[in-house]
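Given next, in structure tokens, is a single chain: the form predicted on its own.
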Amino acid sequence: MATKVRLEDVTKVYGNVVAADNITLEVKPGELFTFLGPSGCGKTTTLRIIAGFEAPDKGRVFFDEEDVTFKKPYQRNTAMVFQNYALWPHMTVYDNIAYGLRLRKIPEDEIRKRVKWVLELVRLEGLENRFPLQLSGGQQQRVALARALVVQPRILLLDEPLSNLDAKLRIEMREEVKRIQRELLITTIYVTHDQLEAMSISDRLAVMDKGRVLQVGTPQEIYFKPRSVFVASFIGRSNMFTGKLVERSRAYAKIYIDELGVEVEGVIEDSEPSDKVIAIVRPEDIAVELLGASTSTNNNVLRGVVEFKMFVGEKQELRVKVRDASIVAYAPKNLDLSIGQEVLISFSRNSLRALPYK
């Protein structure tokens, strides 16, 4: 059975810095849960509290219904994969993986079986006699992952495990982490500042800032229904405008956008209704069309001038000047556009979200 992890009012303070601020959340058995946020937001501190490397100043940590708040790391049966791999350079791959088992006094026959099993799991068969410096970065990370998994921990903890890899290897390794986690159904807690990494591998994630958990949800919930301006701006790219709530119905609202000088329609969150709002629309939700060729059925249509464009492979990234605002939008890669050209941009009211101004 996979293990559930529960944090209750967990707080950790270093001097004047609140690294974890009354964090209460639950990681479900067998899920891959990610703490996501900028550097210094407290995500690694929270992970270290779960691992037992740090003790909270306040609050409790539970594995299932067992209170492990003040248990030593070795008493919790967790395993951590670190950012720098932490492999012994003088040991072979086999000996690095077997190290934790030997500390536990596991018989050598059993060690051989487990090492063989985990080498197959991480797809490193045949490399057991190499030393870490003879391996690529991706292979070293697989060894670190194998060493963590071979002890059969209740919970797997990963602290920025892919940050030292190049872009191509990061994609390969996050797919591998996801595959292995799914195969073993082990409760996994992951820390990263990389939004794409977090969104692509997580079952659920917690977005953190300044020691606080701002929102917990699935990647889809976090991306499409952010509950704060910080979450909306940190996850993906967003166009943000200040505005005033003009009229509101049950489902939609009319919002006057100061920078655009026009009213647009959008969804407004129920929490803390306010006259002043932040209106948010993502670049991928904006349609770009040539003047006189519009087929859009979107509720909100604006006229602007292309002031910047950049080809990024599958699309063109544009900055379109609309009155006092510069709006980032994505256009089809084959749409013939030039700087200074007038275009129509449009977006549906479902794609614009308004949050209370704070």
Partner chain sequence: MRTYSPRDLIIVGLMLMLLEYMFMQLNLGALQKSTLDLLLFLGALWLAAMLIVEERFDPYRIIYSFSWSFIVVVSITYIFLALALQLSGVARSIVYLLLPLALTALAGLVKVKAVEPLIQGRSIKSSLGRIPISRRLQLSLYRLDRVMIAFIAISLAILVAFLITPVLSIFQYSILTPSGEPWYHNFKVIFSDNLYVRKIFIGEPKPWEFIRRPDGTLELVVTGVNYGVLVNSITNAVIVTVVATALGVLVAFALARYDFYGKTFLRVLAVVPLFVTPFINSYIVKLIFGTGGPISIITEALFGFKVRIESLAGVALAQIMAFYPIVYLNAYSSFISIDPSMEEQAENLGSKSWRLFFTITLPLALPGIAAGSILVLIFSLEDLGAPIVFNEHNLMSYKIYSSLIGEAGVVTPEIAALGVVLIALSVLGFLVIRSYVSMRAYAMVSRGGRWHPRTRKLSVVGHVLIYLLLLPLIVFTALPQIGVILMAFNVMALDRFSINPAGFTTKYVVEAFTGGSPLAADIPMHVRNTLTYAITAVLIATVLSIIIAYVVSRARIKYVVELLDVLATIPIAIPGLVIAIGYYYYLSTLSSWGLEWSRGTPLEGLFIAINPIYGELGFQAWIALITAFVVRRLPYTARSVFAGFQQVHENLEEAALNLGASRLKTISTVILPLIVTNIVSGTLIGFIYTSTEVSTSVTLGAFNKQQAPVTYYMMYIYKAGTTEAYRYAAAVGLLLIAIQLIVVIVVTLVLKQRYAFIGI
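Positions refer to the first chain, counted from 1. We call the rigid core the largest set of C-alpha positions that still match within 1.5 Å between the two forms. The structure displayed is predicted, hence computed values, not measured ones.
Below, we turn to the form predicted in complex with the partner chain, even though it does not appear here.
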- Query: Closest heavy atom of residue 25 to the partner chain in the predicted bound form, within 4.5 Å or not?
  - Reply: no
- Query: Would residue 76 count as touching the partner chain in the predicted bound form under a 4.5 Å heavy atom rule?
  - Reply: yes
- Query: Even though the partner chain is not shown here, does residue 57 get within 4.5 Å of it in the predicted bound form, heavy atoms only?
  - Reply: yes
- Flag residue 91 as yes or no: does it have a non-hydrogen atom within 4.5 angstroms of any non-hydrogen atom of the partner chain in the predicted bound form? yes
- Message: By the heavy atom within 4.5 Å rule, which residue out of 84, 200, 134, 218 makes contact with the partner chain in the predicted bound form?
- Response: 84
- Which residue among 261, 100, 236, 138 has a heavy atom within 4.5 angstroms of the partner chain in the predicted bound form? 100
- in the predicted bound form, which of 58 to 66, 35 to 43, 326 to 334, 307 to 315 comes within 4.5 Å of the partner chain (heavy atoms)? 58 to 66
- Note on the structure: Looking in the predicted bound form, the residues of 104 to 120 with a heavy atom no more than 4.5 Å from the partner chain, listed in order, are 104
- Message: My question is whether residue 251 is one of the residues whose C-alpha shifts by 2 Å or more between this form and the one not shown, given a fit on the rigid core.
- Response: no
- Quick one: core overlaid, is residue 84 moving 2 Å or more at the Cα between this form and the one not shown? yes
- Query: Superposing on the rigid core, does the Cα of residue 140 end up 2 Å or more away between this form and the one not shown?
  - Reply: yes
